[in-house]
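Shown next as structure tokens: one chain only, the form predicted on its own.
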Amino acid sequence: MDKTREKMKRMLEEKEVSAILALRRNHGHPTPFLFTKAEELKDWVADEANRYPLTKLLIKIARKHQSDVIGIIVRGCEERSLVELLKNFQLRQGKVKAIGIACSQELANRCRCDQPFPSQVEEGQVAKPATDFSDLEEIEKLTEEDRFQYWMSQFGKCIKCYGCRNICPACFCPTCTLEDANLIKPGGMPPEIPIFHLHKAYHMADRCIDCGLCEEACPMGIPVRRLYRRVKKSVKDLFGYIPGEKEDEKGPLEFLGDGSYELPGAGK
């Protein structure tokens, strides 16, 4: 990754950015770090085995340093996250510089990613899309009753740690409806099922960039990504909308009856 490191060094030295958010090797483990000096980049790593929600961390940094331009290393899913954050006014236009690196084919396959690369790649072999929905197909082969029981069983494992929400780069609301007593009954475990998880799935329908961090973070091994992938697929099939694809395109759930995203056959 020498080419990328050199670009990061140039961006810092020429003051194109005030800092760059990326991963740094720290005591043998990669952790998020805000590089502000070119000499610090000797410790930069492009690690695939350990993933962090860098764009979510970027929100906090950008809010604290609103006049600064911040660089950030992005893969395909992280660039999609940036698009969603910019269109939802969580980041300011012109205040973020993305530095793209490609995912390996191994990582693309492991993540079942259908776009494992950003729009501009500094270096690295661009992986082929891994359009694998076998995880969904396995569940959808079940009868409606069996699918319901499957999900109720999975949701019943939930310990309400909010890990899936806290790590999600598309969860940025200042007040969370999952903690609204008028919508979700407070206290107790597991949380109200299925409403707790379905409520979050609804909010993710036109935001989810399919990074899979939610499922990686779940301590109970609930396959929540399968649920979000299914909802995302429905939004694509119904509205032709893909989260994180176009910065100037609103999500269909943001429209209130203007007809732009009318359901097929709704007027018949």
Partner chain sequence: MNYETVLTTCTYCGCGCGLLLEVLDGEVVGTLPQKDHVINEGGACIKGWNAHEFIYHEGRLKHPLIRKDNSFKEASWEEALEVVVTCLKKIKEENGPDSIAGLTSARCTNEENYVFQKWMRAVIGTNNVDHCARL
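Residue numbers count along the first chain shown, from 1. Here the structure is a predicted model, which is why all the values come from computation and not from measurement.
Not on display, but discussed next: the form predicted together with the partner chain.
Evaluate V235 for contact with the partner chain in the model of the complex, applying a 4.5 angstroms cut-off between non-hydrogen atoms, and reply yes or no.
No, no contact at 4.5 Å.
Taking 4.5 angstroms as the cut-off for heavy atoms, does I242 touch the partner chain in the model of the complex?
No, no contact at 4.5 Å.
State yes or no: in the model of the complex, is some non-hydrogen atom of C161 no more than 4.5 angstroms from a non-hydrogen atom of the partner chain?
The answer is yes: C161 has a heavy atom within 4.5 Å of the partner chain.
Taking any heavy atom pair closer than or equal to 4.5 Å as contact, tell me whether E39 reaches the partner chain in the model of the complex.
Output for E39 is no: heavy atoms all beyond 4.5 Å of the partner chain.
Only one of T177, N109, N88, N166 has a non-hydrogen atom within 4.5 angstroms of the partner chain in the model of the complex; which is it?
It is N166 that has a heavy atom within 4.5 Å of the partner.
Is the partner chain in the model of the complex near all of F117, P129 and T131, within 4.5 Å of a heavy atom of each?
No, none of F117, P129 and T131 comes within 4.5 Å of the partner chain in the model of the complex.
Counting any heavy atom within 4.5 Å as contact, can you tell me which stretch out of 96-104, 139-147, 153-161, 169-177 lines the partner chain in the model of the complex?
Only one stretch qualifies here: 153-161.
Hey, which residues along 188-219 are within 4.5 angstroms of the partner chain in the model of the complex, non-hydrogen atoms only?
Heavy-atom contacts within 4.5 Å come from L213, E216, A217, P219.
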